Every structure is written in structure tokens, then in C-alpha cells.
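As a starting point, one isolated chain is supplied in C-alpha cells, in the form predicted alone.
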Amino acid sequence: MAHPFLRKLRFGARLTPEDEAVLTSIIEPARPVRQREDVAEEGVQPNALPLIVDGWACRYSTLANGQRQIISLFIPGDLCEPFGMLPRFMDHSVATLTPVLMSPVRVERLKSAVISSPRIDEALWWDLLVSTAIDREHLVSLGRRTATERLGHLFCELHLRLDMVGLVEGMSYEMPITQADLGDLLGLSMVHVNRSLQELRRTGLMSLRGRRLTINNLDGLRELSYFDEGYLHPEGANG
């Protein structure tokens, strides 16, 4: 199976074998990172972009009172700082939510890859477009969707994102993060998360057993949560 980073970028441009060889060459060997560990800290100047090879991570900010807001979820194939958004200093932190395999991608090598091929350039700008669109849709959920709709929308989004990198089996995928993580992402208390999960189960649209989520009626779940996949641009290079 191809590297998840390459699988995802294939949606953004018609990469040639030579393009994929260049991208593979800039991905440094993966290293394991323990669960609940910071891999990039607020206020620190990054010299490499963390690339998730396996496991889940997040971008987050912490208030002075200790409350955490998860801003973004990262799954295999995701750069934790998309190309085109290379801050001099981090204004947030990046942490693992599960055990993770992470490869650093040096900024200067990424820039050289972009110069080497217009298709790599196109694919990485597509990745930035999707990343920023996900963040915008997250704001819509926080501001206008109910708790149940937020969860349903997230599950639909993750289904498509994970499918793009080959991590969906039929209509099910691993859901390794906790209810507390879901609450920090969706701006909900654990009580609201639990109630909303129960409500979704009662509809029969989805089920969650252990750490595996199954969508029983994708169209129904999309309708319930006002999910439109257009912001994820899954048509990519074929659109």
C-alpha cells in the first residue's frame, strides 16, 4: 500500500511516478511518539512539519484556566502544518491523541519538491485548500449545529477523509479517540457527548462498538447533520 501522504495527494493532482518518488524522498524515517505527547509547542519556531504516518493527533490551544480547545484533528497522511502556512513561531500546539508514527518533513526539502514539479505544487495547494475548508466547516459546526449534528457531521467527515487514505472497511473505521477528546473538539461537555452518541445510536444511523464506528445509513447521517462533502474536494484532480 502506498504511503498515506501519497494516497491523499493523488486526489489533488495527477502525480507521475517521478513526482511520487520525489515526495517519498523528502519524507524522513518515521519515529514512534507516545500517546498524549506534544510534538510541537506553542511559541517554538518549527524547522520541520510533522507528518502523521499512523495514529491520530490534534492541533490545540489551552486557555489560562487550563481548558483545552482542539482546533483540528490529524489522521494518517496529514501534515500538521499544511504547505503554504509555515509560521515563524507556532501559535498553537500539536499533540498525539493515540500512539503515533510521525515523520518530519523539512521545510526546505518541501519547497524544493514544489519547485521541481507543477503537479506537486498543485497537490500541496489542494491539501492546503482542504485543510482550511475543514477548519471553516468546524467553525460552522461550533456556531450553528446542535450537539448531535456536530457529532454526525464529524463522523461523516472522518469517513470520507479516512477512505481517501485507505482506512475504511466498508462503512466502518477505527474511532480511537475518547469522549473527552470529542468534547474538546466539538465544544461539548462529556455529558453532552454521551447523550448525543446515544441519540445517534437510537436513530440506527450509526453504531459504535469498542473503538470501531460503523455508519449504517450514510445518506441519512449526512441529511441529519447537514453534511455536504464539497468542502473536502474529493473529486480532486478528477474534478
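Position 1 is the first residue in the sequence shown; the rest follow in order. Owing to the predicted nature of the structure, the values given are computational and were not obtained by experimental measurement.
Missing here is the form predicted in complex with the DNA; even so, the following discussion is about that form.
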| query | finding |
| --- | --- |
| Contact residue in the model of the complex, from 48, 40, 190, 30 (heavy atom within 4.5 Å of the DNA) | 190 |
| Listed residue (194, 172, 207, 61) with a non-hydrogen atom within 4.5 angstroms of the DNA in the model of the complex | 194 |
| Proximity to the DNA in the model of the complex (heavy atom, within 4.5 Å), stretch among 124-132, 100-108, 73-81, 143-151 | 143-151 |
| Heavy atom of residue 214 within 4.5 Å of the DNA in the model of the complex | no |
| The DNA contact in the model of the complex: residue 203, any heavy atom under 4.5 Å | no |
| Non-hydrogen atom contact residue 69 with the DNA in the model of the complex at 4.5 angstroms | no |
| Contact test in the model of the complex: residue 34 vs the DNA, heavy atoms, 4.5 Å | no |
